[in-house]
Structures are given as structure tokens and as C-alpha cells.
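The chain below stands alone and is given as C-alpha cells, in the form predicted alone.
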């Protein structure tokens, strides 16, 4: 099995899928890329059993075949080569791989391609086509709010809810929650599933934003197809918590404020907050917002005042400053609004201006204030 390919083109494709590779694989074969040639096209796959990513490209090849090539070694070779054609020669008897280039060649031992785990097929699947930009936005807006608790795996992923009216993505770790809804993409029927964090990060780094993404899914797996990449991932098994139940419906106290001004102020004040609770206090009265933080152990404290547009009763409420900063960093409007009911109930942060096709709601749980 011999083929010729540009070193830069191959490196670019391999780097796109190399994020799947895991450092602690249970099967040694998973430390390799699987190269398969069919009908003059080269398909390269990487897998960690839970997630498999495949990319394909046109090449010069007279025969078909498959071989597993050590991933780290191959990436290191290609990174140090200038752009030039590389000739790969594979000996099918002992799986030896030789790479010839302008001024030399390198040899390595590959493995039998048949030993590489097969990609699961999708039976009885549904499908939906979504623009890459919408998926990128949904991942960027929700991924930071996912949990890291191994005991609650369902909360470590992003919950996707598709209906004929809209598509919704939800992430929560029990302290904060993000719900991102788009009405300009719809599915033919109603369905829901939980996508793990790793494939979402891989999607984020491979999407350019201007492509169409075909998403196929059934009860156990999801397949994303876009550009020349196919990503297959196993879904998280389990029932997602009823997130609608925790979103407070009556929130008469509404604060409107410039997002960047609010974010800068929280960053400065939070430097003086307690290092375990990261608590900052918001005191709202009339058109003035006072932010304060103190760390009693070290006698550190900071106070700032901001003018704002506030409608509601005077109140004092405490929040974890890190959660507020993450949320404000992931919104992109110039003004935001914070809706609250009382100091012991969750606050809702959202863009001030409504977007025609996009609805973002971020919920943050309060921190009990020290009296």
C-alpha cells in the first residue's frame, strides 16, 4: 500500500482530529491513527472508544488498504517537515511504514488496521441540519456552565432539546445554569439527549462557522458531519434534571447595566473577596448599585459604586463573583439585565436587547450573606 500526500495538508487534517487521542488509553491500538484508502480517498480516524473522529482527503494512490500508524511519532515528523510531497510505503506483511521526503526518509512500525475498533453505526436515527455558526454559539454560551462532578455524569454534558418550533441547549452544575434557544433552526420531531464535553470541545475547534452541519442521533450515539470531518460520540446515558422548575417565574426587581462596566467592577472588587466563597455583595437602591467584598481573615475589603437603571425594592444580595464574571464574559451585548425576586432566590442574567432568533437565559444561585 503506497500513497503520496502533501506534508502540510496531512498535518492540518491530523491536528484537527488529534484532540480525540487520550493519554491513558485502555487499548494500545488507540494510540494510533487509522489510515484507510478507498477509491482514491484517504480517510484517517482517531478514537478513544467514546468519541471517534474521521477526516478524509484526495490522494494519489493505486491500491486500497488500511494501516494503524503511531500518532505521536507521525505528528512529530510532519511538524518538522517543510511543505513537500511525502511518499508513504506500507509493507502489508510486517506493517512497517516508510515515509520518504525530499532529502531523506524515516521508518516506523505500524499495526494491523483490522485491530482498530469499528465506528458504531446509527440505526433508527433522526437527523437535523444546523449551521456551524449556531452550533459554535451554542457551545460557547453553554459549555462553561457544565458540571465536573463524576457522581452526576448527566450534568457534565450539554442537554439538547429539539422540537418543530426551536432547538434548545442547556448546561448546569447546580450553582449556575444556561439555557440557549434558537428559533431559526427546527427539527422535524421532538427529541432530547445529552452530549458529553469532549466532543463539544472538538466541534468548537473544528467548526469554521460558515458550514452546514448534519447531526444524526439515536438513543445511544450522535454523528456530526461537516466539511470533510465526521465526529461520532456516545451520548451520556441518564435523565436530565427538570431545569425549567428551578427558573423563577416572578422577578419584579430588574437591574439594567452596561455589561463591560459591570464586569470590570466585579473583577476589581472580587480581588478582595474570600478565597473560598468568592462572595461579592450587590446593594441596590434607586439608580445606584454598590458592589462590595471582604475577606475577614485578612482584613481585606473593597467597595465600588455604579450608576444603573434599577426598578424594584431596595435589596442586598450575594453572588459568587467567578460565576458572574464567566456569565458576563459569555454574553456579547453592550447592556445586560439582572432579574431578581429576593436575596435567597436565583438571579437571572440575560441580554438587555432581545434578539429575533436567539434567546439566552443565565441563572446564578445566590450566596448567603454574612450578617
Partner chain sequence: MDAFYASVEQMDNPELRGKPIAVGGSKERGVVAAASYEARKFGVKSAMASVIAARRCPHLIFVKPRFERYKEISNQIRSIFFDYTDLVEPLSLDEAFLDVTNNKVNNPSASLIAEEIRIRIKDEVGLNASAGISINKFTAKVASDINKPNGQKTIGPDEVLKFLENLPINKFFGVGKVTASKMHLHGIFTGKQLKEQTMGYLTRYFGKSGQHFYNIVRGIQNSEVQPDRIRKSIAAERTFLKDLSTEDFMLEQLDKIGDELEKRLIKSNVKGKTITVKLKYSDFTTQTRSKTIAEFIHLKRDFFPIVKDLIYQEKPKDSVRLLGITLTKLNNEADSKSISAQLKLDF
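Residue numbers count along the first chain shown, from 1. Being a predicted model, the structure only gives us computed values, none of them experimental.
A second form of this protein, the form predicted in complex with its partner chain, is not displayed here; the remarks below concern that form.
This chain appears without its partner; in the predicted complex, the one residue of 195, 282, 135, 177 with a heavy atom within 4.5 Å of its partner chain is 177. The partner is absent here, but in the predicted complex a heavy atom of 243, alone among 243, 159, 111, 226, sits within 4.5 Å of its partner chain.
Shown alone, this chain has one stretch from 214-222, 259-267, 168-176, 116-124 that lies within 4.5 Å of its partner chain in the predicted complex by heavy atoms: 168-176.
A residue is said to contact a partner when one of its heavy atoms sits within 4.5 Å of a partner heavy atom; residue 363 meets this definition for its partner chain in the predicted complex. Remark: residue 79 does not count among the residues lining its partner chain in the predicted complex, judged by a heavy atom distance of 4.5 Å or less. The closest non-hydrogen atom of residue 149 lies within 4.5 Å of its partner chain in the predicted complex. In the predicted complex, at least one heavy atom of residue 367 sits within 4.5 Å of its partner chain.
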